[in-house]
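Below you will find one chain, with nothing else, as structure tokens; this is the form predicted alone, and questions on how it binds or moves follow later.
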Amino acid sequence: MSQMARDLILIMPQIIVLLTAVVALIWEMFRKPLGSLLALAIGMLAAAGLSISRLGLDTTAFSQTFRIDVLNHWSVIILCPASVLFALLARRELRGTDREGTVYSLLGFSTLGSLLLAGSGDVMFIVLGILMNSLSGFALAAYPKTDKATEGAMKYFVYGSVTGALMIFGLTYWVGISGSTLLSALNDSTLPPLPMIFGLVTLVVGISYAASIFPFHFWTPDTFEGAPVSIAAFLSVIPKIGAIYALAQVAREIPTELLDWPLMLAILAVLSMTFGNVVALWQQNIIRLLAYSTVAQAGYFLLGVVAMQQSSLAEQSLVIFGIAYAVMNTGAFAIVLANGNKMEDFKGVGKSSPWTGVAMTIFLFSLVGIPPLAGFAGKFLLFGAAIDSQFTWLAIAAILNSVISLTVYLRIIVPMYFQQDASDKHTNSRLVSFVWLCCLFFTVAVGLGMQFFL
């Protein structure tokens, strides 16, 4: 077998996702949105199944530019099924609108961008992944053709253009001093520190924009509010996990003797957690509240990145919290899609629709990190990784932020059970119910399953 054939086989999950997005686009050319949706579902699940069969394989492809490792495998296993759930939510929300099939195709291309980010072994894959994520995201956010959607998409575009250009400019310094585009070439303590610091800062700016990390999150609330709920849910999960995993791939290569990047990321984590939780406290629109919640959750993700070279729990914590974050956040957005995006819309839901109320409560408690749910398992590992890396103060800050986040989510939970509402705004939809039931199952199952390993 030739080297090229071997490399193509190694990246077969990503090739399947690419072909899936193209087939979905071809179905859209025939104005068959259901065909696009089915193609997306079949292709994404096939890619995830192939990656499950490859768990344990650790190698590289295309001259070490792409990594076939734990983060790569699990990014496919997490993001591909999640993109199917987002497509089902979009089907419920956008059915019958113009170019519905285009949305499914864009979901596929954006997911591919995140998969490339998660397996990055080269700066060019990081740039390519960010571009695929961003360009697809701009179109998805602007889909409704309303003033709010246009404003949100425009902010997303402007911030993306500036931070992306800055990141590419900074990465040229890394290429210049190392003489290579490979991330592994950075693992050299004799490299000059100033270009390394500049490159890292600009990379963090580009990643922070994609992952909605403070202070590069400013597009997030407006874009989420203007976009369809299903697209906001997608943007809160898929690009974020891909970007965080890319940052982890970089973090495992940069020598800590050269610059104290763990401290820099730890400070960013505290700022992101605190800002996201505190600002979410006074939001009246639940989409905006969840948008700031994603800013806070991005801060928790950074605990795993900080520990990349110092704790054996780092990769495991990023994977488990990635699974937990995908299911609990998707479930919460699905219930918002069914009930409405204002606080008033949730009054009395716990009594009028008990199962919906219970599910929303479980998703929100999981976001806080209350046992025995998936969010608890993920955060427990993240806190452990931080402590294992001598960042105990960071773990304490994260625990304190979890207390603040409980106050944030109680603003939704309390009205569901202790306030009455005369109108029943709950919209029954089998697709939406299927999505949050799937998310509920995995939120509980992952949480209970991980109790045996903690």
Partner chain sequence: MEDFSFPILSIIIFLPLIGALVVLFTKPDQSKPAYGIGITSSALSLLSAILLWIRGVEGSFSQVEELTWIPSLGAAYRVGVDGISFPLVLLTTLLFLTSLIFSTKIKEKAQTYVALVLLLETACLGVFLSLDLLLFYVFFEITLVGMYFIIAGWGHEHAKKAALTFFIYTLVGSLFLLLALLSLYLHADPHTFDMREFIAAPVLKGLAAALTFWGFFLAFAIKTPLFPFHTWLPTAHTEAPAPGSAILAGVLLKLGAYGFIRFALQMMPEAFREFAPFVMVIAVISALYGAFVALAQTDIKRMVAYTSVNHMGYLVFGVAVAAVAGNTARTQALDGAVLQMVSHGVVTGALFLLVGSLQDRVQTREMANISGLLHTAPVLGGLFILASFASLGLPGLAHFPAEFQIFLGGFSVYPVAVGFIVIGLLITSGLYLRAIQKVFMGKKPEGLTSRDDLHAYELWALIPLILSILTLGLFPEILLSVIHETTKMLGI
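Fair warning: this is a prediction, and the values are worked out from it, not measured in the lab. Numbering follows the first chain given and starts at 1.
Beyond what is shown, the protein has a form predicted together with the partner chain; the following relates to that form.
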query	finding
Non-hydrogen atom within 4.5 angstroms of the partner chain in the predicted bound form for each of Leu381, Thr407 and Leu448	yes
One residue of Leu34, Leu57, Leu400, Ile42 in contact with the partner chain, assessed in the predicted bound form (non-hydrogen atom, 4.5 angstroms)	Leu400
Single option in Phe157, Phe109, Phe376, Trp261 placed near the partner chain in the predicted bound form, where near means a heavy atom within 4.5 Å	Phe376
Answer range among 364-372, 216-224, 69-77, 123-131 for contact with the partner chain, defined in the predicted bound form as heavy atoms within 4.5 Å	364-372
Asp388: touches the partner chain in the predicted bound form, heavy atom cutoff 4.5 angstroms	yes
The partner chain contact at Val414 in the predicted bound form, heavy atom, 4.5 Å	yes
Non-hydrogen atom contact Phe62 with the partner chain in the predicted bound form at 4.5 angstroms	no
The partner chain contact at Leu313 in the predicted bound form, heavy atom, 4.5 Å	yes
